[in-house]
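Form predicted on its own, single chain, as structure tokens, below.
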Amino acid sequence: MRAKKTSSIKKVDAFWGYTFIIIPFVGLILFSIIPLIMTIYASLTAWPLGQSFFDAKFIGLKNYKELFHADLFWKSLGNTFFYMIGIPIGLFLSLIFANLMNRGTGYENTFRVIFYVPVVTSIVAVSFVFQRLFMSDGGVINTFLQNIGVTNPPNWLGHPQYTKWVIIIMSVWKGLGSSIILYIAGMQGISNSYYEAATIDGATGLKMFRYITLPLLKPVTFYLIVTSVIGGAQMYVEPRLIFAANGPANSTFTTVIYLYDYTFSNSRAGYGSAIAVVLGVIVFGLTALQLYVNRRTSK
């Protein structure tokens, strides 16, 4: 009787376990795997956006051949990777600020809120503010530079040499708060016994930060790098809101903007799918490389 009762309980547990598992599994198939397969197939077709997916004409690798010979694609890809310069800058600043906000002094919570406010602020509002800050005539930045003696301040929004830096500065500023919070959480998870032992051995604060804090924060850093690279590869909103016509000389043109324009503006969903596949392969490769490097350095 006990054996039968135990078997019945296991069957019920297994039923509810598989029931809860099947829901996200079905969602994964419907919203991830099937769209991925459709995108790969669509990249091999000539598919006008208004036409049915099943009526798309199969053309093989022509979209990829055209894509790899398009100068604008390589321009957009270069701009996308240039924006990722902001990733190490943001990580460095957030690590410094997190360390300063994790010392057990007063008003730390206030500073955490201040730094986190940009994260929850509308990207439209932030883009509008930065557009006004970096305006060539009457902008806050150039007005300040002129007041301290700079006679010819940079044309931030009108010269290809500066436009990408406006996006980088804004992206670092807006994302700093979330990185700081994660680093603070990581620091608070480090046992005080490490620091106590280091203090007994005569280690200074800088050495403890270098040899204890930094290595133990490696999982947080790895997570931030991976998510930042994935997010950076999908850069779209910021350059579209701040700059008109993709900036001077297409200096703010990103790969996702290129994808959007060809898919929706030019009604070439097959070509746009090819762009999406190439971008996905690049992001997957970068993520796999980071996983490999992280495993090698963790041994």
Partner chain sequence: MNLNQKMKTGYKVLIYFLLLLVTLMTIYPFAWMISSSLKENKDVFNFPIEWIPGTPRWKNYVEIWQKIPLGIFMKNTVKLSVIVTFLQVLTSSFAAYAFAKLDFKGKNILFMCYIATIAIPWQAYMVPQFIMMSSMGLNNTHLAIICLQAFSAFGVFMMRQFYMKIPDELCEAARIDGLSEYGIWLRIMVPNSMPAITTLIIFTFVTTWNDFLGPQIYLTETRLKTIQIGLRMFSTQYTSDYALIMAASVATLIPVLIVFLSLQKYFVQGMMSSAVKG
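Positions refer to the first chain, counted from 1. The model shown is predicted, which means the values in this text are computed figures rather than measured ones.
As for the form predicted in complex with its partner chain, it is not shown, yet the points below apply to it.
- Heavy atoms of Arg210 never reach within 4.5 Å of its partner chain in the predicted complex, leaving it off the interface.
- In the predicted complex, none of the heavy atoms of Ala203 sits within 4.5 Å of a heavy atom of its partner chain.
- Taking non-hydrogen atoms only, Ile181 approaches its partner chain to within 4.5 angstroms in the predicted complex.
- Using a 4.5 angstroms threshold between heavy atoms, Arg132 counts as touching its partner chain in the predicted complex.
- The candidate stretches are 158 to 166, 72 to 80, 214 to 222, 193 to 201, and the one lying within 4.5 Å of its partner chain in the predicted complex by heavy atoms is 214 to 222.
- Annotation for 236 to 275: interface residues with its partner chain in the predicted complex are Tyr236, Val237, Arg240, Leu241, Val256, Leu259, Tyr260, Thr263, Phe264, Ala269 [heavy atom within 4.5 Å].
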